[in-house]
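Just the one chain here, laid out as C-alpha cells, in the form predicted on its own.
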Amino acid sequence: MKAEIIGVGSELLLGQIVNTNAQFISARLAEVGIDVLYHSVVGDNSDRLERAIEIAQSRADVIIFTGGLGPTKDDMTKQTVARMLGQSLRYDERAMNKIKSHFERQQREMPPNNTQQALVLEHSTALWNERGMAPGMAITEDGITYILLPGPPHEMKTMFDKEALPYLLGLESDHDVIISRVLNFYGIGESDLETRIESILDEQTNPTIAPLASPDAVTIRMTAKAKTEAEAYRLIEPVEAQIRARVGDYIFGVDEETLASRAIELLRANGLTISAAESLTAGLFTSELATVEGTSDVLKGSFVTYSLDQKVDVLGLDRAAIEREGVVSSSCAQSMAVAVRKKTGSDVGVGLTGAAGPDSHDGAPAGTVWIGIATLQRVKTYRLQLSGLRNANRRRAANFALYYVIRQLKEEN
C-alpha cells in the first residue's frame, strides 16, 4: 500500500505548532511495510482540502487525515470527506455518551456544538478515542482507505496504535504480525551507541534495528515481522541480548518506561524512599519524579536551596566548608545529599548543584554540574560538563540525576 498523510489546521501553516503527527504515523507505517510517499498540510479551508484530497486520491491507496474533528466551525475534515464520498454523517452513540458524561462529571452544561464531535461517516468504522472525545473513523471506498484521526498528538497516537493500525492490517487477509521492542538509553550519545553496535546494525534483517536520538534519551527500536506474536518476540530476543552485552550499562528501561518511572519502580521494589535538595535544577528533579503515578509511596519531599544562606539555614550545611570548597563542588553536592536524607528520614538523598549558565558561577564554568547521591550504603558524587543553553542544562542535570539514581540502586540492590 502507498499512503499519504494530510495534516489539517491553519496553525500548522502558521508555524504555531510542529506537525509531529506526520512523523509518528510515517514511522509506524514504515514498520509494517506501508510506504508513505507524500505529506500534505492544508489550512482550515474546505475548498483547499477538497483539492488536496483529489490529488491524494490520484496517487495513494491510503489517505490519513489528522485534525479537524473538533466542535468548532473551522473543524471541517469529516464534513469535507463525507461530501466527496457522497456519504451522510451519523452520531456514534458510544462517543456521544462519553461526551455527555464528560460534561456531567464537571457539572457543566454541554454546548450544542459539542455534539458535532460524535459525528462519523455513515458507513465508516468508528475509532474509539481513549484520550479525548472526538472519535476517529476508517472507511474503504473504491479501493482507497480513508483514516480520519484527531489532531492532538496524545489522542492521535493512542488511537492510531490501538484502532487505526489494526484496521489497516486487517485489510489484508494474510498479513504478518509486527512486534516492536524499544530499549531506552541514557548517558551515551547516538553516534557512540551506533559505533558500539555497528556490526549488529550491519547484519540486521529481521528484526530491523533503528536507533533514534531525542533531547532526553537515545532509543533503539527492534521490529520483527512473523506469523505469530510469539515468533516475532523469539526473533527479537537474541538481538536484544547482543545489544545488552555491549551497551547494557546505559539501558535504563524498555518500551514506554521513562527515567522517572524506572527510578520509582526500583525504589518501590526495594522498599526505599527518596528525597532531594536542589539548587540549579530548582525542583525539576522532584517534579519529574512526580509525573509518575504512585510517587507518593516513595518520595519523602524536597528542598530548593538556591542560595548559600538557604543551604546553611535549611539544610544545616557548614558555611565555612562550602566557602572553602565552593558551592559548585563535589563536597557541596555530597553534603546536600547527606543532609536532605537525614532531614527527611529517606533512604536515598539526592543533591544537585552547579552553574547552569550562561555565565560561570563561583569559579565554575557554565555547564558544570555536581550530583550527590547518598544511600544507606555509600555517598557518591558525579560530575557533568554540559554545553547547552541554560534551561537545557537544567533539564539534562535533572535527567542525569535520575539516571545515576537508577544505576546506583541497581548496583546496590
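All residue numbers are counted from 1 along the displayed sequence. Model, not experiment: these values are computed from the prediction.
The protein also exists as the form predicted together with a further copy of the same chain; that form is not presented, and the subsequent description refers to it.
Only one of 200, 236, 292, 247 lies close to a further copy of the same chain in the predicted bound form, with a heavy atom inside 4.5 Å, and it is 292.
Interface residue among 206, 88, 191, 228 relative to a further copy of the same chain in the predicted bound form, by the heavy atom within 4.5 Å criterion: 191. Remark: of stretches 37 to 45, 371 to 379, 61 to 69, 347 to 355, the one touching a further copy of the same chain in the predicted bound form is 37 to 45 (heavy atom within 4.5 Å). Contact check for residue 364: every heavy atom lies farther than 4.5 Å from a further copy of the same chain in the predicted bound form. Contact between residue 387 and a further copy of the same chain in the predicted bound form is found at the 4.5 Å heavy atom cutoff. At a distance threshold of 4.5 angstroms between non-hydrogen atoms, residue 286 is in contact with a further copy of the same chain in the predicted bound form.
a further copy of the same chain is not drawn, but in the predicted bound form it has no heavy atom within 4.5 Å of residue 125. Contact with a further copy of the same chain in the predicted bound form, defined as a heavy atom within 4.5 Å, is made by all three of 18, 314 and 391.
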